[in-house]
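Two versions of one and the same chain are coming, encoded as structure tokens; call them structure 1 and structure 2.
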Structure 1
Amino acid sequence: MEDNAAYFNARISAMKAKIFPKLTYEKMMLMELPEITRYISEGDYHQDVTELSKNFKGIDLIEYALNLNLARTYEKLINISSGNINRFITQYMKRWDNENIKSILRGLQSQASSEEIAEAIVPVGKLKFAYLLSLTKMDYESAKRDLEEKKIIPSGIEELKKLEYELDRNYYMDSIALADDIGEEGLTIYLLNEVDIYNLKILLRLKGSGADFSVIQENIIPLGKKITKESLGKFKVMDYEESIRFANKLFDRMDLDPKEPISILEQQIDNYLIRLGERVSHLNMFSTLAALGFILRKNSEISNLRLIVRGKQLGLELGSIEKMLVV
């Protein structure tokens, strides 16, 4: 199957033009939830909101509409792509399978209800939504055993935390191997940076909570180029604020403020990664990186909309919401 890069890039450009700009988020932050629902239903989310409005209202309607729209967007990307671009998108979608599996197993382990667990599922990925729902109705051991028998997760790992680590590690190993096989150097560079960002967020989160450094090392995926054995040795002797300043030196153009709460820092780190992905994709318009650039922007749009509606529901200050937007 040959790549249809020129055709795909034209379709992607049209889809990307519909992504909300920063000004739109600023307008939404001044709206009430019904106004936000009406606003998004007049655009690219019209079909999703209309279909779900019979069964859901308020924030639930927005949440489910966002999830449905994201699932349809990925399905469209699969349908309009071929060759290496299709291989990349298919592999990228596996991260959603992993996140859904984690949500289900965590929920079952904590004995949450099937309905509560189902609310955390984002119906994006290769695994069918009906199958994921069936797992929510099992107990933890039965669901884990079913996933192992179907070879969806590695077998023989008892602790859930270690299983989650293996899912993430295997995903990144497979993704980097695919990028190398495609011969897309820019994609490989981006994925290695993504691993570093993944590790940085874990490092800062655990540092901030006072975790022993051996725990931090156990959770690091040793594939990146910046969070390495050498840099970890330096992080080990630093306190939390020193670690943030050192991260700013390790990552070009990262400007984290040690005084900000970790939730805002993590959003700013995600923003940094998206900007990096966009820079790389602009230099490679007719390749897998065109897909990457759009996917990152679409994911950030969904995250931003969800952040705004949840923030307004919780009564967060607009300044706090704005700091966490990924734009």
Structure 2
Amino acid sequence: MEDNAAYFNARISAMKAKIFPKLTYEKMMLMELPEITRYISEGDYHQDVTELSKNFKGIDLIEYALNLNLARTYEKLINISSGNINRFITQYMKRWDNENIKSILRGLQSQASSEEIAEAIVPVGKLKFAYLLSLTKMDYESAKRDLEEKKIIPSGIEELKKLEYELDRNYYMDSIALADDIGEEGLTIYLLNEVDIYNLKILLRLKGSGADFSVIQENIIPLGKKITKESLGKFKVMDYEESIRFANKLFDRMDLDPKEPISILEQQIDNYLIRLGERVSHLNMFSTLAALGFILRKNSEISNLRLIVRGKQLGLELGSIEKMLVV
């Protein structure tokens, strides 16, 4: 057991209790849009909504407030954890750093204004928000050089797309290495599955769009246990629908319908991973897995609220929104 695992678990349990249950989403779906936004802004997200209300309004305000709340939650997790749990959360937050770095470099490359780029940054992650903002004021080359010097990104990669791939690959390599080092088998299983899911989504998406198989191979992270060199050889000769059926065989309890559009399949694949994470998190409640379970639930809450608010704004049918919710 971790040194403060019991304390962390108690805090996490309290935080988990605050996460919206399925019933709340069902109630929200029956509300009108202004009612939903009021419900969100009067609850746990009150402080975040109030803080951002100067800069944003309407649905965008809710969305940015959800992101800010997520940032605060991670910060809290860092503060209440120690030892391996802390190491895991710190590593997990790097995925947000990667996303922010990608946004900044993409923005700088397309010569967007620093204000525009700042709107594409989520204030979550290990890197300080002030540092990220300072990057938005540089030109592409200087920002890249600065990131390389600070060893935040690998150096010597010219093409941004390749750099993005390397960031993802390095993130998963480090995460799996950390899980191995911690010795938490459940975490390693989850991470390996996450890589496989990442690869499967890329594979189906690119196959569906008719991309050449070499492009698929270039984007695959060779760390998973299911999407391997061997299975890729089989995928190569299959068409799109056969690939989906093969994925169902490859992944335990996966049930994808080849007739569904790729966007729905992608959602189902994401939900599959979340369900797996939930199952794994119950293996050891006094370890990094408790943190993983909470993080997944919190991420799902943010996605669900965003989905309901945006879905309502779009006038989506309740059935469609419900189908995409992760509960």
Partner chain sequence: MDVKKKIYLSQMGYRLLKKKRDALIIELLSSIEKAKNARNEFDSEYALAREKIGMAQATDGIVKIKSAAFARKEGPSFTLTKANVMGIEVPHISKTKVQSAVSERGYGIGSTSSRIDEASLCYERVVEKIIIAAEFETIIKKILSEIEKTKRRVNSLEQKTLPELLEAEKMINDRLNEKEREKNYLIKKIKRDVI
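Only a predicted model underlies this, so the values are computations on that prediction, with no experimental measurement involved. Numbers given to residues start at 1 and step along the sequence of structure 1. Heads up, when I say rigid core I mean the largest set of C-alphas that superpose within 1.5 Å between the two forms.
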item	value
Form predicted on its own - which displayed structure it is	1
Did L318 shift 2 Å or more between structures 1 and 2, C-alpha, core superposed	yes
C-alpha of I12 moved at least 2 Å between structures 1 and 2 on rigid core	no
M28 C-alpha relocation of at least 2 Å between structures 1 and 2, rigid core basis	yes
Per-residue Cα shift, I308, between structures 1 and 2 [Å; core superposed]	2.7
